[in-house]
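Here we start with a single chain on its own, the form predicted on its own, put down as structure tokens.
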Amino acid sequence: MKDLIRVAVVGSGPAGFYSAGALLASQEPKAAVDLIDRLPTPWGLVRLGVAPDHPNIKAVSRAFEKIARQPAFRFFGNVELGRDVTHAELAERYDAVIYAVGAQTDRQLGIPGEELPGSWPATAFVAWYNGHPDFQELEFDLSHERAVVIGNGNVALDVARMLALTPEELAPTDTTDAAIEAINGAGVKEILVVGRRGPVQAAWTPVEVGELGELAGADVLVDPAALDLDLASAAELEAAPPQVKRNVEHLRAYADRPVAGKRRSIRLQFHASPVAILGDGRVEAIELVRNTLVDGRAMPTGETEMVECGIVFRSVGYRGVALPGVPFDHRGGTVPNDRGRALDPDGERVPGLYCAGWIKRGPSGVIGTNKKDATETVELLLEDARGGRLPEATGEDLEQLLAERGLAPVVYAGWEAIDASERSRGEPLGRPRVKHSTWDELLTAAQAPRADRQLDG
């Protein structure tokens, strides 16, 4: 068994950092970790997916900062698999490679009109208001009175809540300036959130649905009839975990609450699915079919309604994307694996190849779920290292390879420069940060320190 193994972790979101942390905690063998990301900034969805008005969730990054300060850790940002380095080249240079790249695209509804202008994946809107550099050229027309959000998960509620925030609620967040201006000036009066099943089956968390009631500028509207549960749903609720019961309690409170006549409203509609998005050249309406639950599944009744709207956000889940040179299950949108050990098309283990997070298990769970998931993967990797089952790394250092190609990765000191710059921009405004949200801004800000501050592995 080698005394020291070198591991590349591709993807610097929670699963990637938790993987790095578990590796660096190992004593037998010890591990050195290079964390690689195509973006110049780490933290994945903690930076670019968590709603800006949820700073407490973003605080998990402090734990990641402690991991990054360890001497055996290096960060290589602005390095893209397939463009700058191949999987085969990583496999040559490291004893093991862990892919923790998340689920990078959205699932489709598969209905007519889905591609009309004004029909958006919620992921694009979330990335836009969070300052993802790939999404800053998008323009969301928020001039219409009604926006429709399809989905009953936390991301759907994030989108609805962000659209409903007042200028005073947006001002102290790290939402991009362009998004703040657009939301403040929006003509949206109603945000309709549509779920295909009932209130008992909604996938959001009590915190998410509960904080809707705290919005300063939006009423939350729930039809009391939607809370008259069928026998199967009532039995499901009776046996459900506490968080589901709290969800329904929140909904019942909203149904009983008098309408205050606030500037905007969020209407939660259940038992409905979109069957078509309609419009002449742009979104003008959405057709919904009423559902009934049969053995927990939403089945269309044939009864439809037309709802006028000017913009639709589709929030029906994320999906993993195939990685060049890495086995991929196109049906499940994941790297085929056995508890994190990657498998080839014949179901055999691929020596030295592992996965963690959403690309391993699919897009489920919250940020903390990735810690247990990553730990499971790393324990198996270390078990393989102790058993002599890892391939031998033979190539030169990744830093040398990138230099030979004329590439200048953003090292961790470069990210720290971006971070400091953003915080200094936000401080006089009472905001946690004002993000650099274009590639040029990010790469320029990263140039303050140079690679000589990169910690040796």
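Numbers follow the displayed sequence, beginning with 1. Being a predicted model, the structure only gives us computed values, none of them experimental.
Omitted from view is the form predicted together with a small molecule, to which the following refers.
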Which residue among 75, 318, 313, 270 has a heavy atom within 4.5 angstroms of the small molecule in the predicted bound form?
318
With the small molecule left out of view, which of 107, 257, 189, 290 would have a heavy atom within 4.5 Å of it in the predicted bound form?
107
Quick check for you: of 348 to 356, 278 to 286, 362 to 370, 237 to 245, which stretch puts a non-hydrogen atom within 4.5 Å of the small molecule in the predicted bound form?
362 to 370
Non-hydrogen atom within 4.5 Å of the small molecule in the predicted bound form for each of 6, 47 and 100:
no
Is the gap between residue 54 and the small molecule in the predicted bound form 4.5 Å or less for some heavy atom pair?
yes
Taking any heavy atom pair closer than or equal to 4.5 Å as contact, tell me whether residue 174 reaches the small molecule in the predicted bound form.
no
Residue 150 near the small molecule in the predicted bound form, any heavy atom under 4.5 Å?
yes
Look up in the predicted bound form whether residue 132 has a non-hydrogen atom within 4.5 angstroms of the small molecule, and give yes or no.
no
